[in-house]
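One chain is shown next in structure tokens, namely the form predicted on its own.
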């Protein structure tokens, strides 16, 4: 009976988290897209063409180019965290697809150790907020709580991988059931429940947190503009509409 109640509660929690995550993210992206950019303000040296802008954005998203030029320690820990997280997320696809795609099966051993890389990166980023004076000064409680949340997710996942193994078949059945609106029993594993609870909390607060830099970087006018102000006039969409009415 207890497990049935727990399964129902977690199913409801993840449905709620999914709605808030998708809806909140869509709303914020829409808000970013509608925000006027009346000035041509690319950070120089900037590319002169749209193709160059695309290449610059790719380097920024994949390699964190500007952070690399700014601070090597922050870049190193940040890149470790994001690279590990990307591989971990791809590894977790096995819980949502059946049959498992060949490339997802191939990366399983690598994704298992990527969790360790992710945790090292997070610990480095958190240590930076205590050990670097200027960073400690501007750090807020929400910064520390966000890092604590991410570290809890990573640590609990690693516990289930290397120490206290959970019923992965039962976990997959649970999430496959959610996808088909037929919730299945959740394995009675305390570490698994902690892990899933923290993931649900992360999904809920994501649209109102600093983690929105993930989609936000694509809307940064200092990054997504070409340095072509000498070649043609820059006119934002809302200004073009006003000019058309004159």
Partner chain sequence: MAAEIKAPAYRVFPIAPAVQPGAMAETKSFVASDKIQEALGFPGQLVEDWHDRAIAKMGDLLEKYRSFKVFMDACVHCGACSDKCHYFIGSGDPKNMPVARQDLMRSVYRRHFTLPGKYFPKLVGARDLTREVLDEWYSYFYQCSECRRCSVFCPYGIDTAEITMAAREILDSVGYGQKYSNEIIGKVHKIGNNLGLPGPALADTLEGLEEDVKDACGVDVRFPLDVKGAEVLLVTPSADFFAEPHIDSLIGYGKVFHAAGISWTVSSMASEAGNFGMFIGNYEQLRKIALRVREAALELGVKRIVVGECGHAWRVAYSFWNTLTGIGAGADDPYAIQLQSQLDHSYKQPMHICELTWDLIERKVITLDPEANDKYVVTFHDSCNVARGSNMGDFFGGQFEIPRNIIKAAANHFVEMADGTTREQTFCCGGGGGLLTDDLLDLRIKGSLPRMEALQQVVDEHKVNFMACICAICKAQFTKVLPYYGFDRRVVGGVHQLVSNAIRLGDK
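Numbering follows the first chain given and starts at 1. Quick caveat, the model's predicted, so the values are computed rather than measured.
Separately, the form predicted in complex with the partner chain exists; it is not shown, and the next lines address it.
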Interface membership of residue 109, the partner chain in the predicted complex, 4.5 Å heavy atom rule: no
Any non-hydrogen atom of residue 5 within 4.5 angstroms of the partner chain in the predicted complex: no
4.5 Å heavy atom contact, residue 216 and the partner chain in the predicted complex: yes
Contact flag, residue 46 vs the partner chain in the predicted complex, heavy atom cut 4.5 Å: yes
Partner-facing stretch of 95-103, 149-157, 128-136, 163-171, counted where any non-hydrogen atom is within 4.5 angstroms of the partner chain in the predicted complex: 128-136
Sole residue of 55, 33, 62, 197 within 4.5 Å of the partner chain in the predicted complex, by heavy atom: 33
Sequence-ordered residues of 10-30 touching the partner chain in the predicted complex, heavy atom within 4.5 Å: 28
